[in-house]
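The chain that follows stands alone, in the form predicted alone, written as structure tokens.
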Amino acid sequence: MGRRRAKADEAATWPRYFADRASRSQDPALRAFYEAGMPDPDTPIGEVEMVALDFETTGMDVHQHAIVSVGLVPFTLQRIRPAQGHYWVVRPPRPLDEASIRFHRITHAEVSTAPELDTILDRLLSLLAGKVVVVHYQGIERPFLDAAVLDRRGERCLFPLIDTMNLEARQVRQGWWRRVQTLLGVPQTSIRLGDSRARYGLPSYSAHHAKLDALATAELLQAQVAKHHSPETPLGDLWS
């Protein structure tokens, strides 16, 4: 009961944080982002407007690497709207690392003519405003966007998100039997995006294209809620 109450209290801080930032932000786009607010954590997930977000980056370290492409797809539990999604390749401040090119397959030639992230930042923030962001692995999109906004606008950009990797880990990596398997040296079940989707019978997509990964994440969340939760599940039970 104590842990659940603590989580509820944590979730309830996001609407208050947005209200505070809306009153203090100096950057117009960022102020509009915060003014759009966040749903109350008691709102059923079936009533929430969401946006699946994916970044391809030049590496995993937010202090050394940068965003190289952005993909997003708006959706609800009832409907995914890929035609209203967006995809941008952006020019990072440093040359692409050859190792990262093997993952995202975005070339030096593509980024040489791409816009700098700052030129699409206002549009990106407007598309995220008022919606709950959904990602697969919370260690990329939120910290990289926060660092990018702080570097270019001098202010923080923090927001709650639903992490489908975390939701999957709750199902396949927790419980006494999984702990026994770990002690016995049994390899952990993969919670990568493609492997997680396969457990719900979802088709295999080509990985590491930002918009396609965003679409895959939206579909995965719909499947996870259908199997393990319900449209009445409070938003605060799922976001972090």
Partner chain sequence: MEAEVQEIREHLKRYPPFDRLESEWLDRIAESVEVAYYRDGTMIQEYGEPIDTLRYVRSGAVEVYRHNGELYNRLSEGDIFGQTGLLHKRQVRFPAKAIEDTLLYLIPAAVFDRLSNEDDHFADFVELSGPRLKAAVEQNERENDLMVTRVRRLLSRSPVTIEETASVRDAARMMTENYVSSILLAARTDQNDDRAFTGEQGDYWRVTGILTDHDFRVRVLAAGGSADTRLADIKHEHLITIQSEESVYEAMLAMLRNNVHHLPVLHRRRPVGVVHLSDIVRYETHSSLYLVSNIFNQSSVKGLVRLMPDVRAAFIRLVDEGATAQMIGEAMSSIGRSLIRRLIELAEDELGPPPVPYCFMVNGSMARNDQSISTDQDNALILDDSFVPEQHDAWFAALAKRVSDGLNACGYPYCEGGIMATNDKWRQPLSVWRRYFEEWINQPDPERLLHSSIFFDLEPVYGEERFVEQLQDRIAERASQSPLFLASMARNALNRTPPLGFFRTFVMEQDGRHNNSINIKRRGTAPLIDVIRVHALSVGSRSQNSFDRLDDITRADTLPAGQADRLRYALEFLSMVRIRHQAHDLKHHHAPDNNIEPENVSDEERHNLKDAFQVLSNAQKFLRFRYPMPNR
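Positions refer to the first chain, counted from 1. Here the structure is a predicted model, which means the values were calculated and not measured.
Quick note: we don't show the form predicted together with the partner chain, though the next part is all about it.
A.B. asks: May I ask whether 83, 203 and 223 all come within 4.5 angstroms of the partner chain in the predicted bound form, judged by heavy atoms?
C.D. replies: Every residue of the spot touches the partner chain in the predicted bound form.
A.B. asks: Exactly one of 45, 215, 193, 67 has a non-hydrogen atom within 4.5 Å of the partner chain in the predicted bound form; which residue is it?
C.D. replies: After the contact test, the surviving option is 215.
A.B. asks: So which of 79, 170, 156, 108 reaches within 4.5 angstroms of the partner chain in the predicted bound form, heavy atom to heavy atom?
C.D. replies: Looking at 79, 170, 156, 108 one by one, just 79 meets the 4.5 Å heavy-atom criterion.
A.B. asks: Heavy atoms within 4.5 Å of the partner chain in the predicted bound form: which of the stretches 83-91, 131-139, 110-118, 146-154 has them?
C.D. replies: It is 83-91 that comes within 4.5 Å of the partner.
A.B. asks: Is there a heavy atom of residue 227 lying 4.5 Å or less from a heavy atom of the partner chain in the predicted bound form?
C.D. replies: Close contact exists here: in the predicted bound form, residue 227 approaches the partner chain to within 4.5 Å, heavy atoms only.
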